[in-house]
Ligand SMILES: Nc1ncnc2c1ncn2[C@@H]1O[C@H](COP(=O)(O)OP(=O)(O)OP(=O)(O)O)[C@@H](O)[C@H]1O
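Presented as structure tokens, the chain that follows is alone, the form predicted alone.
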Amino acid sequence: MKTILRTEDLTKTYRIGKVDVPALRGVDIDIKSGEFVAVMGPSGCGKSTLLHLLGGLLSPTTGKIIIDNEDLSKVSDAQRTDIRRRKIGFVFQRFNLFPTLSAEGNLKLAERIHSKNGGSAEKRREVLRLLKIEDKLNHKPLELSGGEQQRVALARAVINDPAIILADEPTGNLDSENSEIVLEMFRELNKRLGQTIIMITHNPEAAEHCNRIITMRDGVVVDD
């Protein structure tokens, strides 16, 4: 399998007043295409900062981030935004769906952001069918359960065939039953579509659904 994402001596330091606070202290990871990876660690270990760096939402202090042969650390903000739009799908703890749009409407919006021509109705139905919510096509978020909303958010993340899905505590707002359903949907996307997924989680049971676990502490990787 080819490497889809690589970091080299990645650091991030925040300036708080007159004090430098290091969040990442030199992180080297290598993710292969098609892997389903959990990143775990206690609060404050740097895992969320790492996710935001990998997604191009932050720029590193030093080091490299290579995504699908493009170096995020050497580009302008506009270029970083373009890479993020083309290469990365996000799933957050809060579903972040547009409340006035149906499930299909949320997917259409994601398609238009990715491409002016949008996508196809058949592709939208295919993704919703894979996530077992094809019957919710015309439902708005408030007409869906939390688990169904997260599956729509997952469909939105994958609809434009990103190189990587980055998921930030995707089951954090769900009960145990819906958490299990959503995690099984991640596994299905990984298995059926070969989708590369990196998931931040503090939950060992969620991490067990992945085929690789990276553990962080104090801004460094301590186990992989």
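Throughout, we count residues from 1 along the sequence that is shown. From a predicted model like this one, the values you see are computed outputs, not experimental measurements.
What comes next is about the form predicted in complex with this ligand, which does not appear here.
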item	value
Among 62 to 70, 183 to 191, 158 to 166, 36 to 44, the region lying within 4.5 Å of this ligand in the model of the complex by heavy atom distance	36 to 44
Contact test in the model of the complex: residue 202 vs this ligand, heavy atoms, 4.5 Å	yes
Interface membership of residue 23, this ligand in the model of the complex, 4.5 Å heavy atom rule	yes
4.5 angstroms heavy atom contact with this ligand in the model of the complex for residue 179	no
Proximity of residue 173 to this ligand in the model of the complex, heavy atoms at 4.5 Å	no
Heavy atom within 4.5 Å of this ligand in the model of the complex - qualifying residues of 2 to 16	14, 16
